[in-house]
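Form predicted on its own, single chain, as structure tokens, below.
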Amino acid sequence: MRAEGAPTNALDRLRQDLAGIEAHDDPALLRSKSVDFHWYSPILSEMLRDKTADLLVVPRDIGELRRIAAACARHRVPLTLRGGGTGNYGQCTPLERGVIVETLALNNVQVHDGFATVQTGCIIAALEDAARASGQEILMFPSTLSDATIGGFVAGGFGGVGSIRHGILKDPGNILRVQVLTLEHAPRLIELIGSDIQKVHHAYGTNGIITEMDVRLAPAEDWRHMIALFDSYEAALRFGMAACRPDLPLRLLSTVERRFAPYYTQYQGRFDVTHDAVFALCAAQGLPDFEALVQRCGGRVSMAMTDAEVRAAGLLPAYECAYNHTTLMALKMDRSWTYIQLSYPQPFDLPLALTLIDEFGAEILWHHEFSMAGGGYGVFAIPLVSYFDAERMEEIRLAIEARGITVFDAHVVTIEDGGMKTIDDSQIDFKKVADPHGLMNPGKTRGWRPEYATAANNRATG
């Protein structure tokens, strides 16, 4: 039986309106394009198991994207955006079928002095290459640099590699401008700058089609991929705390406990079960200070390589040994793991972190990410959790939250339940403007009510 979504006759009319635009309805392709990395969560895997789109469309330019938006609005067909498909929360899985719009062909980049204007479907690695060709670099990126799109990062991301220096995406000045296409009979382009950018940041693509943006650039650095080894995880964490200082030029600072070593098979001799580790990216001019600090904290450096040396050695870059790539590396060998995402109160409470490590024992494997956020240094964690069932995951979440630590629930599909905890009225108000019929990624925000779309439909036909 066909799941709820657009009526068949509406889809037929939509296909007619999209004549000349690349479109696919092969069931196997639709299944693959309706899945992102939500399979990290066995709970989401089950919840989204049968969710697929009716049609995949691939616009070549903004003109075709505008036609798609207009047709979906006209025929009331749900629309879900897909970039590189690297999200972890089912953002590009359509809950109510309809159309998936793959944005990868919308990938133009224009580099300027201090910023780049980039279309939503640009792979972030390509943006970084373009910036580096001008002697600049992007401020931050997810560990999925080679696959994720910049639009997907802004719509679903938080921070990442580079946040230790530049903060998180929502911090002022990191994203300078976002252009959004509305889902209306006559789609409009809306420019968002300053605090208005938060109307679409981390909104899961529910309230307007991000078409392009201006992202700030910084002068390029000569980065080194670093591993420092310590006799205890506490010592690694203490080093991380000591390294959070503005004069130490870092792009990545992540502690990874030794129980991860069996999943980091490439790094034998550089990281194994005898030591806990810090993975870092340090600018060349900061190496003497970095290495001296490692020694003062009782550790030793086991690796310091350029990008070229890492590639020649067949190793993963340091940033693929941190953030949620740790989960991917473990799941490649053992599918019994899942993960949880935490944000510790500022300033970081080391005894609290150590208490949690002791309390959960073998059930949780820990790594911590050091970052700037809101103008101060903070610590996040995306540890592995040995999965038993949804009830145990909920017990773990409640136990951690009872300690005053924020949990971003990775096992739910709605924005609010995942991290925001409350409905963002500004995002819902913007959705009323940019997606008045409630067609974008329906079901992904609890803040949208059916009567909002009913009122819009009445206005459209009145």
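Note that this is a predicted model, so its numbers are computed, not measured. Each residue number is its position in the shown sequence, starting from 1.
Below, we refer to the form predicted together with a small molecule, which is not included among the displayed structures.
The small molecule is not shown here, and in the predicted bound form it never comes within 4.5 Å of any heavy atom of Thr338.
Put simply, Trp223 is far from the small molecule in the predicted bound form: not one heavy atom of it is within 4.5 Å. Cys282 falls outside the set of residues with a heavy atom inside 4.5 Å of the small molecule in the predicted bound form. Under a 4.5 angstroms non-hydrogen atom cutoff, the small molecule in the predicted bound form has His325 among its neighbouring residues. Ala155 is the sole member of Val77, Ala243, Leu237, Ala155 with a non-hydrogen atom within 4.5 Å of the small molecule in the predicted bound form. Contact annotation: of the candidates His367, Arg82, Arg251, Arg97, the single residue with a non-hydrogen atom within 4.5 angstroms of the small molecule in the predicted bound form is Arg82.
From the list 356-364, 223-231, 156-164, 261-269, the contact stretch for the small molecule in the predicted bound form under a 4.5 Å heavy atom rule is 156-164.
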